[in-house]
Structure formats: C-alpha cells, structure tokens
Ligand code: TNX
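Consider the single chain below, provided in structure tokens and representing the form predicted on its own.
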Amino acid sequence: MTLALVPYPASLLVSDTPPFRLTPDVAISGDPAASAELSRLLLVRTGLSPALAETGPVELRIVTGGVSESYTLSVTSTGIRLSGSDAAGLFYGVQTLGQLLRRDDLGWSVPAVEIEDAPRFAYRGAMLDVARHFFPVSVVKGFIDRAAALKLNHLHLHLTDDQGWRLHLDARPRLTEMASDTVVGGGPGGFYTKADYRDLVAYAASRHVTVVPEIDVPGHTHAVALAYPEIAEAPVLSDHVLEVVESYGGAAPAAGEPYSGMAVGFSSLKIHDEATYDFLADVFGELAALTPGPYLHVGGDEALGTAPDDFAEFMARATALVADLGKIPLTWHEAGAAPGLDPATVGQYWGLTHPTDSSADAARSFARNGSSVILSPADAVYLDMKYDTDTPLGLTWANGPTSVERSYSWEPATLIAGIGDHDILGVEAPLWTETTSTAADLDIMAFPRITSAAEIAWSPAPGASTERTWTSFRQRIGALAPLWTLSGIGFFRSPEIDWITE
C-alpha cells in the first residue's frame, strides 16, 4: 500500500489489521495546541468536529528526549498515539495524521501504521518575494499555512528590491513613504507596518516557522535610491539590462524614477561612503530587533553594477554589521567569492543543478570557512519557473521550464562537488513574483512543485528509502489532490501526475 504522505517518513510500517474508525463522538486528548490543530484538520477534511477531552482514543503528547522536530505515530483499531520530541515534532505528526485520513463506504478512518520520523535537514524553507509584487498579511499567512503543512520551517521574506521597499522602519521612514508604491508592470504597491511584521512573525511561530527577512544589498537597491539618493549610484545600463528591457517591455531604469520593469543588476549603493554604512546600521538594527529568529539575509546577488573589489569590501562590512547584532548573516552564493565575510555567514546557492565552476567554488567557500550552505538550485526549486512552454505564468531563464519531475529529481549531497550532508544547512524553494500578483497565482506556481522541495529537505536520501523515487512521489502527491482542494489550494494539475478526485 502506498500512502499519500509527503514528505515521506523516515520509517513507516503498515499493518494489515483494521484501521482506526473516526466517529462523530471521537475525542482528542493531550497537548492543547496540537489537539486544536488536529481538530481543525479533521473539520476541513471530514466535516467532523471532535471533542477535546482529558482522555480519549486519540492521544497527543510531547515526550522529550528525541531528535528535535521528530515524532512517532502509532495507529491501531482502538486508538491513535502520537508523541513528539517537542511542540514542532508533535505539530508535524499531526500533519502526517491529516494526510493519512481515508474515506470508504463505512466512513472516515486512519490505516493501522507505525511511523518514526525526523527531518534530514534542520533548515527547510520557502521564500516569498513581496518586493516585485506586494502581498497583504492575509495572503502571507496563507502561504505560511501551506508551507508548514509540508513540514517546512523557515519563511524567507524578500522584503526589498528595485521595484519596492516593503517594511516601515522608524529610523528610515522615507523608505516606505517614497519607495513602496511600485510593482512589476505597474499597479499598487504597499508595505508592512511594524505591527504587521510582528503579526506575521508571531503567526509563523505558531506554525513552527521562523521568518528570515531579507534586505537585498548592495544591488537590487533602486528603491533605496528613491528615498535616499545620496547613498546610491546612478543606474548602470549594461547591454544585458537593455536586452531585458527590450524583451519584457517597460522603460529603462532611470535615477529618481520608480522602476516597474524586470531587469536586474543595474543598481548599487555607494561602497566608499560612510553614510551607506550608517544606513545599513539603522536598517539592520531595527530589523534585528523586530526579528526573534537567528537569521538576517543581506542579499549580495547580481551586484553587476558594483566592481568586484568594492563588492568584497561591502559584503565584509555588511555581514559584520549583522553578526555584531547577534544574528547569523545569510547571503546569496555570489558573496562566497568575496574574502573577509563574517565567518558565520551562511551561503544560499541559487545556481543550476549542473553548477558552473565559479558558482560551485563560491558555494564551497562557505563550507571551507566552517559555515554551511542552503541549496536553492534555480532549475529545480525556483517555483516561479514555467511548468512547460504553455504555462501562462512564470519565466524560463533557469534552463527552460521546470517540470514537476525535474523539481524532484536532484540530490543535495551530490549537487556541488565538495559539499556533503554535513555542509548543508538545508533546502529552500524560492517563489519570485515578477509574473505572480495574487494568492491564486502563488498557489498555482507553488503546488505541486513545493512538495518536491519539502520531501527533499525532510525525507531520507533516495538510497535510504525505497519510496524516495519519482514513481512513488507522483502517486503520493496525486492522492493529495482532495486534501488540497478542501484546503482551498488551487494547484496546477500537471499532466505528469495521475490526480485522484476523491
């Protein structure tokens, strides 16, 4: 029997004994937060509204001492016993239980199973770009819900780019006053108040998700130039920038004018002006105070308008500023080529599944310095790529369209020579939003490919599990279609998958 479980557990034994039958009077006991989450899932999936009681056949408990985020699940005909090593582990066990629900002629049931599960990687992330298009708090919360249900535990928020600055900061109020109204293609922008941001951070934490904010510097900073032109260089209109403008339309970037196009690599902060670092100190300091999580992402990608020596000097100072605030700096992998980064800096690789020599060496530098890398190969886990040539939304620059099979068929430990499991902090699936502007757009681009990233980040490596195959995976996600539909997820019905209607 292949069960519709994604990500697939570390250990699963299925019994041929009778399942546990759900009845209208079923009671859930144990941990209040996990019990409430299971009750919510049961109501969404089955319509049943179980009672929360001191005792009952469904028992959810935290039993400390195991691997962080791990859980065990035992289902027999007489009851369900779920234990987590911590609150996160118990929450993830509830998500697995929600996927196990089945309906037959006798009603709803859970098959008799024994599961022992724990994550492969500590960092399992999704990124949402709210700079190219802005998304209100309610949409971001929905994205958090979807990520958490797949056992993803980090939300990387790309808060700034050439098109807009999305977080109000008291120390630099002109950023949102003058640089938050633009999105790709025109239309209204927007920004989060500090209260909005705190709300998102708290909501994410309630779903065991850590928010990782990104302030992208020194490039991708045209919006900064609108508010504080004295610390920004004039746009560098390279042949590449002009080619993108010609391909996708819109005007070329110009100093002092909001930018709504899709070109990258033309903007830069002034590297040798101390006012730039005063600006960074204000921004990073206030953002760090708002962010309880350990990470602060400082970008560093596509700084094509910055000379290499200047880039190295800038990234060394920027990562030191973040480290001095007690946060772990994250950068895109290009920064690995710059000497002098704070040694704790984590690199995020966004190259292809067949890396160039320069991108691979830049990524390896983080491991050589005693830190680690997050893997986001663009032609596998960039959720904004088209599924096929006919997909209305998305782009194709990352080695053409990315099918669901291609999103699944890569292995972190062999992606970059010289980077093994011990060097990898985790996996992250970014969703850039040049072509997506609504919650429905996010769903159609994320699902089902986000499930590939979730399984690769959580489940054992392919050689360690017989079910870590494309054949098994496509069957399992096909069987999740009813749950996604009931959960309001408008997923892409890829012809690669045999979708089950119920």
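Model, not experiment: these values are computed from the prediction. Sequential numbering from 1, following the sequence displayed.
This next part talks about the form predicted in complex with the named molecule, which is not shown.
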The named molecule contact in the model of the complex: Glu59, any heavy atom under 4.5 Å: no
4.5 angstroms heavy atom contact with the named molecule in the model of the complex for Asp181: no
Partner proximity in the model of the complex: Phe366 to the named molecule, non-hydrogen atom cutoff 4.5 Å: no
Proximity of Met385 to the named molecule in the model of the complex, heavy atoms at 4.5 Å: yes
Within 4.5 Å of the named molecule in the model of the complex, all of Glu69, Ala87 and Phe143 (non-hydrogen atom): no
In the model of the complex, the residue from Val201, Val264, Ala344, Val245 that sits within 4.5 Å of the named molecule by heavy atoms: Val264
Contacting member of Phe91, Tyr259, Trp332, Phe284, with respect to the named molecule in the model of the complex [4.5 Å, heavy atom]: Trp332
The named molecule in the model of the complex: contacting segment from 251 to 259, 186 to 194, 108 to 116, 394 to 402, heavy atom within 4.5 Å: 394 to 402
Any residue of 414 to 442 that, in the model of the complex, places a heavy atom within 4.5 Å of the named molecule: Trp432, Glu434
